[in-house]
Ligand code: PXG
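Just the one chain here, the form predicted alone, laid out as structure tokens.
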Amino acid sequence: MGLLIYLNGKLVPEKEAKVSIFDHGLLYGDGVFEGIRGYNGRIWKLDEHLSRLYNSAKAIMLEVPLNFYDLKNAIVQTVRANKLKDSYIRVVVTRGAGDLGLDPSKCRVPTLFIIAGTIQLYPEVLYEKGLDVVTVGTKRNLTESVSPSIKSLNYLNNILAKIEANNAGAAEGLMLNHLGYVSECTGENIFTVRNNSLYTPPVYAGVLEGVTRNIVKEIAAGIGLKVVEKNMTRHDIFTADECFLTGTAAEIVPVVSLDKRIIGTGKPGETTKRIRKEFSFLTREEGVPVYE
């Protein structure tokens, strides 16, 4: 038995969940999305994810078919219908079906669908041993072109970088911006630890302001780390005491090398482990309940 998918106001079996081949989300990547996690029967940071979804939609002048409250309820309903305790939820809003031209005004009704399933982005062994990362040649989108702050369906920039990382035999690829500063990896934000301080690139470096990124900053401040947002170079990562990536799907995953340079001891660091532990505790205790 497959999943039940929320599609334009109805829960339908996944085999019946279909969109038009003229949908501009498919033809042009015209739409926005969010990936959200559920833990222990609760949906983690749902308001924060939906706020980002509505901000992304506003930036591309796309109207989300449901208001904030109704979309929250639709997400809870979808998770509950699939009887999930721990889940990965994908919320997608596209421009809708139009013609073969670019004009978004030809798309009269946006498409909304919600998938609630599970995900395992990296095998558990990589959380224990850490990732090997390479710098890729594909530069992060200019903020003046397609802003990385918009979580759009057009992820080709990230996908090209992921292809490079795959071809190099690395678990992840580090993307630089057009000025040569560190931006983020293909699907995660990046942090380093040095001298009791936590560093991460600023949003203007071409970074998606990750929900997990913000939580990690709060955790770090709570355990006595100084949190600094600054432009970073690869040298800052080469010479860091520790490094890790954050993302909704990845959660918090240690990095032990960049471009064959060993970071710190070459093993997940103690600060990274502590932040992971604090994060895991929060995810099990907080969130919007699915089953009441």
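Nothing here was measured: the structure is a model prediction, and the numbers come from that model. Residue numbers run from 1 along the displayed sequence.
Not on display, but discussed next: the form predicted together with this ligand.
Asker: When the contact criterion is heavy atoms within 4.5 Å, does A81 count as touching this ligand in the predicted complex?
Answerer: Heavy-atom contact with this ligand at 4.5 Å: absent for A81.
Asker: Does R52 reach this ligand in the predicted complex if we count a contact as any heavy atom within 4.5 Å?
Answerer: Close contact exists here: in the predicted complex, R52 approaches this ligand to within 4.5 Å, heavy atoms only.
Asker: Answer for V136 alone: is it within 4.5 Å of this ligand in the predicted complex, judged on heavy atom distances?
Answerer: No, V136 is distant from the partner.
Asker: Tell me, yes or no, whether G41 is in contact with this ligand in the predicted complex, where a contact means a heavy atom of each within 4.5 Å.
Answerer: So G41 does not count as contacting this ligand.
Asker: Can you pick the one in Y88, Y199, Y181, F113 that has a heavy atom within 4.5 Å of this ligand in the predicted complex?
Answerer: None of the others qualify; the residue that does is Y88.
Asker: Heavy atom within 4.5 Å of this ligand in the predicted complex: which of G96, G210, G173, G130?
Answerer: Spelling it out, the residue with a heavy atom inside the cut-off is G210.
Asker: Based on heavy atom distances of at most 4.5 Å to this ligand in the predicted complex, which listed stretch, 73-81, 217-225, 98-106, 154-162, is the contact stretch?
Answerer: Of the stretches listed, the one contacting the partner is 154-162.
Asker: Is it true that S56, N141 and Y204, all three, sit within 4.5 Å of this ligand in the predicted complex, judged by heavy atoms?
Answerer: Checked in the predicted complex: no contact with this ligand for any of the three.
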